[in-house]
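Before any questions on binding or motion, here is one chain by itself as structure tokens, the form predicted on its own.
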């Protein structure tokens, strides 16, 4: 499959031209990214969308299809998504479905997109507030990560990106987890050497899992750690994605700790690391709303949901749990 580490390049954004396989390129980006980085874009047609999670809809996708038709784009064209997770999701979904699929690549411009959102081939849009409920799994030709772009991001964006790094370390790399603990100050300052290693090692955890299970039959579900409760919190409270997942990871660990499935010391270590990066570990919301939202989660299988459970720091296993039992445990915890 095409999610090999060799397809993920750590390098400058303005060097992307040598990786483009076609002379006919259309860039999909948002207005903010174009304003800040437009001068670094390669020579290509540009389709600009608004910024923000609220535009990740089928309406936006239809508008892009119409613009591609106006450009007379055919199957020889190449789509280059330049932006954060919203842009890469939309660009990948459009490319995967336009004319039954054309090639595409990404230049993720946010920390969250570099370490997670652009990696793995999942591309989708939201429907009525339910995240990524409509989507495809198709791998990009390449992903170019320019860590220099991160220095222009607000601090909150950096903190939210670290959530997925912490997740990857917790489920798949104990050494990365320790590095994050010992170097949190320099990491938050985006020290060049530290941040490049963090991005590389975080990506490696995800691609290793994806290569084993591209279409999420089982193994890939480990990447959902913190996301079942986290997505419910995000939908209910509208807090940023990273903050919701941070709370979700801690909540799921505490939940399974109460069931005797996770060691309390591992839960405590995860909670402390999340706090070191200035992220929340709890939030006020209605337990009934969380349970109801989980019932509509795309990860549900009939009356069960498969959830990742930490098997020590750096290791993870999957547990198949009945929704009724999960809801009862959430009620007890809340």
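Numbering follows the first chain given and starts at 1. A quick note: this is a predicted structure, and the numbers were derived from the prediction, not measured. Think of the rigid core as the biggest set of C-alphas that the two forms share within 1.5 Å after superposition.
Note that the form predicted together with a small molecule isn't included here; everything after this is about it.
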Per-stretch contact check against the small molecule in the predicted bound form, the hit in 104-112, 90-98, 166-174, 251-259 (non-hydrogen atom, 4.5 angstroms): 104-112
Touches the small molecule in the predicted bound form: residue 51 (any heavy atom, 4.5 Å): yes
Proximity of residue 277 to the small molecule in the predicted bound form, heavy atoms at 4.5 Å: no
In the predicted bound form, residue 33 touching the small molecule (heavy atom, 4.5 Å): yes
Contact label in the predicted bound form: residue 214 to the small molecule, heavy atom within 4.5 Å: no
Check all three, 37, 85 and 149, heavy atom within 4.5 Å of the small molecule in the predicted bound form: yes
Option touching the small molecule, based on a heavy atom within 4.5 Å in the predicted bound form, out of 190, 125, 153, 239: 153
After fitting the core, residue 89 CA displacement of 2 Å or more between this form and the one not shown: no
Core-aligned C-alpha movement of residue 234 between this form and the one not shown, 2 Å or more: yes
